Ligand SMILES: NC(=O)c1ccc[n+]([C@@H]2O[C@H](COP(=O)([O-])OP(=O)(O)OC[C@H]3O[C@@H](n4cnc5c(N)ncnc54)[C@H](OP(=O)(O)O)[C@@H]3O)[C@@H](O)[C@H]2O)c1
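We begin with a single chain expressed as structure tokens, specifically the form predicted alone.
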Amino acid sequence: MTTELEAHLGLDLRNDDPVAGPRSAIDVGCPFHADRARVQQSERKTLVLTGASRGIGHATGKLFSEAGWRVISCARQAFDGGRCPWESGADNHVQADLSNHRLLPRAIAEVKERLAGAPLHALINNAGVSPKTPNGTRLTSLTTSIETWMSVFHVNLVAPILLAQGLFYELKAASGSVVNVTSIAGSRVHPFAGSAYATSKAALACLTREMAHDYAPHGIRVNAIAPGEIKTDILSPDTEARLVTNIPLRRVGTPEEVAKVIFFLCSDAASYVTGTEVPINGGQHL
């Protein structure tokens, strides 16, 4: 039986449920748990994620999958069943070279085939390239070839534009969300990220604002996240040690921490958030 207070507030604060079983106190009051329950009880939400094979993208796909979302991945590499932790990964993978804009229409058509007319709730443009010199140092504006500039901009900027355009109606049908992954390098000269990468990420931040303005009348929210130093496979212990002294929290971030912010931006909790770029850098931007 519910109490008089519960009845007045329209709540059921019992610790168990006749169908779902026992519930903890955290389960009852946690808005993220409630959001996850709504996903499970209503139609399954779908995500298109680029760059899902490692780092931030891999952690993001895992988090969304655990929350009940269907994850459609899009990457240059073929599907890797050994690394994919989410269900139906092989069936929901689209192999495409994002550095060639002429190939994007086919990739978009394959995504639409996977959707089969269903709405698209989120598009996360996470794929990015950051080329280095042969000895691993940053490429400057003096040393970057035109071919490198074009390749970087096609992956980091043009692909997000074309994917959002191509999947517009599917996003509109779901009042969906677009999240672009920029970088702290887009707002300052970075010791490791090259000029082409940094410039493309600055352009992507500007594009996020433009898209938010253009897509808002159609019910689609567009935001960005700007990670700082994140502990991925390409971050060596020596590099991490050099960077930590400049981070107020005195540590680098984890891909899982970034994924949680992305999940928030795609959830109902962020239903009135659009056109923003969220820094995820432990205070490094200060």
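Position 1 is the first residue in the sequence shown; the rest follow in order. None of the values given here were measured: they were computed from a predicted structure.
Below: the form predicted together with this ligand, not depicted.
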item: Single option in I72, A196, L171, A127 placed near this ligand in the predicted bound form, where near means a heavy atom within 4.5 Å; value: A127
item: One residue of Q77, S141, Q165, T133 in contact with this ligand, assessed in the predicted bound form (non-hydrogen atom, 4.5 angstroms); value: Q77
item: Candidate site S99, T182 and P227: all three near this ligand in the predicted bound form by heavy atom within 4.5 Å; value: yes
item: Proximity to this ligand in the predicted bound form (heavy atom, within 4.5 Å), stretch among 63-71, 240-248, 50-58, 213-221; value: 50-58
item: In the predicted bound form, K201 touching this ligand (heavy atom, 4.5 Å); value: yes
item: In the predicted bound form, V155 touching this ligand (heavy atom, 4.5 Å); value: yes
